[in-house]
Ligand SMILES: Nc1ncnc2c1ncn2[C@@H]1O[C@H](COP(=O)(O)OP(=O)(O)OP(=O)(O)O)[C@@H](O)[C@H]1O
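One chain comes next, on its own, written as structure tokens: the form predicted alone.
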């Protein structure tokens, strides 16, 4: 088991000190090698859950346990270090650094983690080649297509060989063709052993992974294993 969520509850303070409950007592486990798709409408709490899972958003109550360690019991600096080494992120808006090229964008988290420049650049180049971007190493984000930017973002999320890759609406800005291409990339890296948790509002992607979790109003309403037959439909 890579991650365990114990009774996660997250409240935000709204106007006039009114509380908004985004996640309501959610518990779940993430096992090594899984590809979990968390599906739900906008406002269902799925992205809040993902960022809490990824040690970026402290819960109001509950625990996020990674390899026996309660992430939010750590100091901010230790939590940040563990997040950088153990957890990769892919965002809907890519969050690439505009003045860095593809190679530099991918290598950046490895440099932050303490890798030598040579090792970080080599790892970044290997990943970009693996995802078909070997001829785009020196391109800035503005010079890349939407699909290419997403592939650079996926490489960046993988550069530190994380235990788990978290993806927040990774196809939210894509047309159906690019969505299918991106899902094939995720399935491919999952087949190679990468654990993935992806959140999406698109119900058509619920069969992409091997476990489907449906969220409504901050709670898990349904959960099921996705069979090979389901994926073939």
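Numbering follows the first chain given and starts at 1. Treat the numbers as computed from the prediction; the structure is a model and nothing was measured.
Only in words, not in the display: the form predicted together with the named molecule, which the text now covers.
For this session: Among 204 to 212, 34 to 42, 177 to 185, 59 to 67, mark the stretch whose residues have heavy atoms within 4.5 Å of the named molecule in the model of the complex.
Result: One stretch meets the cut-off, namely 34 to 42.
Problem set entry | the named molecule in the model of the complex: contacted by all of 97, 99 and 136, heavy atom 4.5 Å | No, the whole trio is out of contact, none within 4.5 Å by any heavy atom.
Exercise. According to a 4.5 angstroms non-hydrogen atom cut-off, is residue 20 in contact with the named molecule in the model of the complex?
Worked result: Within the cut-off, so yes.
Exercise. Applying a 4.5 Å heavy atom distance criterion, does residue 47 contact the named molecule in the model of the complex?
Worked result: Yes, residue 47 lies within 4.5 Å of the named molecule in the model of the complex.
Exercise. From first to last in sequence, which residues of 157 to 174 have any non-hydrogen atom within 4.5 angstroms of the named molecule in the model of the complex?
Worked result: Just 169.
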